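Okay, here we've got a single chain as structure tokens, the form predicted on its own, with questions on binding and movement later.
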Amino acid sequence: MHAHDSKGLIFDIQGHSIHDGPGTRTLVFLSGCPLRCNWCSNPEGLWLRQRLMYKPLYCKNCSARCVPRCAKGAARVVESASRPIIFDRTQCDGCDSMDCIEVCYARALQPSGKWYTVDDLMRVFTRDRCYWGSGGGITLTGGEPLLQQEFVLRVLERCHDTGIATCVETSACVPRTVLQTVLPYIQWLFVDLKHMESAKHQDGTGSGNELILDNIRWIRGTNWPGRMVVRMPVVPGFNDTVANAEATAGFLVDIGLSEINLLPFHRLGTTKYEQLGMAYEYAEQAALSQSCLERLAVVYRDRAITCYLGADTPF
């Protein structure tokens, strides 16, 4: 049994969200994802383990106590004002202790996530609950929250028992048995759909889309009383074509779904890649224009599908 079976690895918690479910909500970002989207804005949440994040701007050029503290010899000083310490990431990514973090008083070194118990998380919800209003609640996102199935199930059960409304954002790239287990405790479901062509989906995310489409189709065919909305991040050069929009609209009509939320590509995760020592394929990609979203929205609306653009949400 893993030492953290009773805990969940969470890389961020955000309060007062109004874009990821009805009302005002607390967002919980869980680590681990089965996909490797080239444009991912949360690279710190890709792995179900803690990774070292280095923020050079916080580094005070101190006595470099992190260097001798590293048992793997992965850290060394360099003559660079912008990045005083460099790290051998091949060594860091296999490190479980991260002793270097303990001696960094400036917090230039931080883990990519923190382990929470269910009780820890429920205390956060209790603190935030008075700010949600009558329509608010919690949203579990990621990464892919359903990779941490047991922890998420326990959280959802506790929310159900205490009358907290729940929403989950998922890639649906998980076994159907996982969805069967958690759906009874969810009122809202956002399902991310990246591309309708499996080969293209494979190129952009590292995985085909067959399981995702099958799961969306299966959810729609159940008696689950909640509300499911498909979300698509519109990425330049990947899925921003009318042809893909037409294929997506056809799929939604075929299974009886009438809503989609198009999210414009952004580069807000750029600094996170730098902190993780990772290359970012979309570092120089320009933001998506509103006119592109509007052009795609016409495709859906012509098929009687309600299309929400960006922050225009279905609640």
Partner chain sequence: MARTLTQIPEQSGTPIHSQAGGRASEKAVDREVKKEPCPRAKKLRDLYFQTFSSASNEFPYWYTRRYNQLEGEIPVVRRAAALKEAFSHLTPTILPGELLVMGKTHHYRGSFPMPWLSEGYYMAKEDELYKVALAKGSSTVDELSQFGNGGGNVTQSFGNVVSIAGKFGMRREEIPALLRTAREWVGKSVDDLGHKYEQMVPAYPMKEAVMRAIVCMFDSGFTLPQGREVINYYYPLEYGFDGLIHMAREKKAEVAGRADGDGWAGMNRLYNYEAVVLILEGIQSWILNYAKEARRLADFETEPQQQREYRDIAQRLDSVAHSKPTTFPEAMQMIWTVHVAVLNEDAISGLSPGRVGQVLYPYYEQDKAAGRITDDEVLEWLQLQRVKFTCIDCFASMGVVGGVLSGNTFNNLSLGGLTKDGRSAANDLEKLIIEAAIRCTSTQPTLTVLYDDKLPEDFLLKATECNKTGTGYPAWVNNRGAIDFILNQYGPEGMTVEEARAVAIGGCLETSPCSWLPLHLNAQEYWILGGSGQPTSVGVHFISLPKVLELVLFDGVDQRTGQGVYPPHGKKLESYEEIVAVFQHYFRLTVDCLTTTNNIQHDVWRKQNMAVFNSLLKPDCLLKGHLINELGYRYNGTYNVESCGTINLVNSLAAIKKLVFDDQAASLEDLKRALSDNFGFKTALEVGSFSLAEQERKDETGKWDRIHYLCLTAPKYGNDDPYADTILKEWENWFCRMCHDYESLYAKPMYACQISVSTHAPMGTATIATPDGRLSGTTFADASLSAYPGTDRNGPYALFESATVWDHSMSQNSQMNLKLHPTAVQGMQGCKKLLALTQAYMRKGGFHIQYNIVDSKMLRDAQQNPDSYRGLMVRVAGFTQYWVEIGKPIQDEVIARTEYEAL
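Numbering follows the first chain given and starts at 1. For clarity, every value in this text was computed on a predicted model and none was experimentally measured.
The same protein also has a form predicted in complex with the partner chain, omitted here; what follows describes it.
Segments offered: 83-91, 100-108, 206-214, 175-183. Contacting the partner chain in the model of the complex at heavy atom distances within 4.5 Å is 100-108. Arg231 is the sole member of Arg231, Lys72, Arg154, Arg227 with a non-hydrogen atom lying within 4.5 angstroms of the partner chain in the model of the complex.
When the partner chain is considered in the model of the complex, Arg65 lines it closely, a heavy atom lying within 4.5 Å. At the 4.5 Å threshold, heavy atoms of Arg49 stay clear of the partner chain in the model of the complex, well away from it.
Contact check for Ser6: every heavy atom lies farther than 4.5 Å from the partner chain in the model of the complex. In the model of the complex, Thr271 approaches the partner chain with a heavy atom inside 4.5 Å. Residues of 35-54 lying near the partner chain in the model of the complex, listed in sequence order, are Ser41, Asn42, Glu44, the criterion being any heavy atom within 4.5 Å.
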